[in-house]
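The form predicted on its own is given below as one chain in structure tokens.
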């Protein structure tokens, strides 16, 4: 058993008709672990599922709709907070898909609010959000300084009353990563969604999703990111995608994301994405590491990709220094 059953059900919902009790357990636990339960529920016809499963799927759809409304409300709250300083938030990830009415948002789990703003506006944006009720989450001075110096986002903030996190980005990858996306171009070419909200240009949404999946993490929960890419490609095509990916130094991750999406979700794939290779097969194995209860397995594979994710984010000397400091008790860590 692996998450392959989940992939198969998303691509061809009729295949769930052959599932027995253990099969449903594996499917639903994998979907919950990958934060794709709402998406799966929207894809399946609950009437064809056992009664208990149908009720669970119905709850998942209601939960996803509640998350969608909450995400859009939080985006509106951020817009109102930033309007006095003349900054329009550029929505990222799930909230952007929901605000744009994309099929990628159908049933999608949406957690934190992620926004992109020009780097020059970071200080004013942070002050405006704190003035509107958001509070810093990182209380350790070293963690706070680490975000500000080495990351592509401010330390996360949480709203004191609504208990919702906001991540304020000034780029889509850390400045220490090898690819150097043109953050100014991402902001300049963002498109309006109405009501004062903005999103990345359509091709840049796929570039960002591929960067998030393959150049900025250990692939945990990667099936959801890949499903986002599948939906976006089917919805808007790939006409400008290669040029935009090359412009941001992310052609490699975009090509690999397309090959993986094609292999797992049968996503239309352009010739320029290249052929599925041995490393793609290893990534595919990492994406599917689930047992019959939705638990991750293949510890060696997961640890290897965990190390790789850190190596992608920063050069080895800086990474070694950071890990050494993090190993110290908080009171012994330097403030910077």
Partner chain sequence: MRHQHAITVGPVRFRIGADWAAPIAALRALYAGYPDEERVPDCTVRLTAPRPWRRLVRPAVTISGDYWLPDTVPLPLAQGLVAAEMGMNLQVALGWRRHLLLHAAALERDGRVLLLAGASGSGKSTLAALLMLAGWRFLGDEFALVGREDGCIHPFPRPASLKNAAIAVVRAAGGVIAAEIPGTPKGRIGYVRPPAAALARMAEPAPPALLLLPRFGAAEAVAAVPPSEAFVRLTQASTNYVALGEAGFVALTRLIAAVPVCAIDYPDSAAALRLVERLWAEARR
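The model shown is predicted, which means the values in this text are computed figures rather than measured ones. Numbering follows the first chain given and starts at 1.
Another form, the form predicted together with its partner chain, is not on view; read the next lines as being about it.
Chemist: Give a yes or no on whether each residue among 88, 136 and 167 has a heavy atom within 4.5 Å of its partner chain in the model of the complex.
Modeler: No.
Chemist: Hey, of 279-287, 304-312, 62-70, 266-274, which bit sits against its partner chain in the model of the complex at 4.5 Å between non-hydrogen atoms?
Modeler: Among the candidates, contact is made by 62-70.
Chemist: Does its partner chain come within 4.5 Å of any heavy atom of residue 32 in the model of the complex?
Modeler: Taking the distances in the model of the complex, the answer for residue 32 is yes, it comes within 4.5 Å of its partner chain.
Chemist: Heavy atom to heavy atom, is residue 44 within 4.5 Å of its partner chain in the model of the complex?
Modeler: Heavy-atom contact with its partner chain at 4.5 Å: absent for residue 44.
Chemist: Does residue 55 make contact with its partner chain in the model of the complex, using a 4.5 Å heavy atom cut-off?
Modeler: So residue 55 counts as contacting its partner chain.
Chemist: Residue 14 near its partner chain in the model of the complex, any heavy atom under 4.5 Å?
Modeler: Result no; residue 14 lies far from its partner chain in the model of the complex.
Chemist: Using a 4.5 Å cut-off on heavy atoms, what residues in 295-312 are near its partner chain in the model of the complex?
Modeler: Residue within 4.5 Å: 295, and no other.
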